[in-house]
Ligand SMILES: Cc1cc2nc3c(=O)[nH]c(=O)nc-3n(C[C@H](O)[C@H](O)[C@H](O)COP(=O)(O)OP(=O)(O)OC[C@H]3O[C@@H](n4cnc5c(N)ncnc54)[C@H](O)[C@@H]3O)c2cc1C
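Let's start with one chain on its own, the form predicted alone, as structure tokens.
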Amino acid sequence: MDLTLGDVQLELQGRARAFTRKVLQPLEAEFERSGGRLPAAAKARIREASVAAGLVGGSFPRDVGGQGWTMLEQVLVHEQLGQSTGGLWSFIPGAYNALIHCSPEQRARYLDPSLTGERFGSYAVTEPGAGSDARALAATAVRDAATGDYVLNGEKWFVTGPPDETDFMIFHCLVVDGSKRLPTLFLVDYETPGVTMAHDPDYMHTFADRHPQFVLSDVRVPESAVLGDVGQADELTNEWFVEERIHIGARCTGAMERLLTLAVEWAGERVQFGQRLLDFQGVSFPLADSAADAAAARLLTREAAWLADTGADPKVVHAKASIAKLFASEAAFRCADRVVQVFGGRGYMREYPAERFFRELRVDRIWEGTSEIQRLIIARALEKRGVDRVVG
């Protein structure tokens, strides 16, 4: 395995780093003070700067308006985006990878405007009674034999997307066909009759994305709203999970890098009892532990990306993505906790990045599959794929 970065990858990494530091990080404090809202001009600046930096639609092929990045190149970018708080990267135009399966008509209506920032989509999977266990999904789609339309019903939670921007969802439900229940994705516009935002709760973090709850009651959509094929939803959603778990691993790694940079700078300048904080082992040793964690998380995440790029067994890639997400998300939270402690009272102030990271990184152990689900995936892979393939 060769993870040496070439000139093209280093240049991409540099562009993402400059964008994060010059565009996203200066907006963090304002975003926090405003309770998670940005003026239209600031959001427009993020979109325009991301386009200028060539950071839009990275995972999509060039022939559909994307950048055609490899998975490793995606990781390099997300490592930099993760060094900003507030999830401000959500305002960068883009789309869920399931939209690669759009028909020509769907592409013109959903994918193309998503890659230009004219539309933002969300992914609706989780339900009140179905979180980690997709087999418990209750949302349904029933074909109307008279019109050919599908009638959708169901309640979805944590439908993630930036507020005032998101206007359609990818709705994961079960097509009812006699005794069969076929997992299927539908593209549903928020303005469709019967689509209601039931609740828009506040969460522990202050994030660019909101996570509202929707109820769909007898929502009629045409057959052309099916994304992919009937019965293909589990496969397409799993593709998204694997990609996003690798991205989460990368962003957690980036967060640790920034946290450690801030902590080392502060502890190297702050003097107490005649010594720098960094000279006290009670301060320096936890930072050293987090440095080891950050280095390991980076290697695990990049390895998973490299395997995806080199055509490894998708089942092994799935396990490696789970390992990367599990380790990086758990390690990043430990790192944030340690760095808050290094900053003392300042670390508890929302105007300091350490405090914001402490709240934000907690959810990475939950969404896109909890740490417990990752452990289940890894344990099953150890048995089915072999320890040497999962660990090696």
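In this text, residue numbers run from 1 along the sequence as written. Just so it is clear, the model here is predicted, and its values are computed rather than measured.
What comes next is about the form predicted together with the named molecule, which is not displayed.
Asks: May I ask you to choose, among 258, 298, 205, 107, the residue with a heavy atom within 4.5 Å of the named molecule in the predicted bound form?
Replies: The option sitting close enough to the partner is 205.
Asks: Heavy atom within 4.5 Å of the named molecule in the predicted bound form: which of 381, 12, 373, 23?
Replies: Checking each option against the named molecule in the predicted bound form, the one that comes within 4.5 Å is 373.
Asks: If contact means a heavy atom within 4.5 Å, which one of 138-146, 272-280, 226-234, 156-164 is the stretch that engages the named molecule in the predicted bound form?
Replies: That would be 156-164.
Asks: Within a 4.5 Å heavy atom cut-off, is residue 366 in contact with the named molecule in the predicted bound form?
Replies: Because a heavy atom of residue 366 falls inside 4.5 Å of the named molecule in the predicted bound form, the answer is yes.
Asks: Just to confirm, residue 126 within 4.5 Å of the named molecule in the predicted bound form by heavy atoms?
Replies: Yes, residue 126 sits close enough to the named molecule in the predicted bound form that at least one of its heavy atoms falls within 4.5 Å.
Asks: Is residue 211 close enough to touch the named molecule in the predicted bound form, meaning at least one heavy atom pair within 4.5 Å?
Replies: Residue 211: contacts the named molecule in the predicted bound form.
Asks: Considering only heavy atoms, tell me if residue 314 and the named molecule come within 4.5 Å of each other in the predicted bound form.
Replies: Outside the cut-off, so no.
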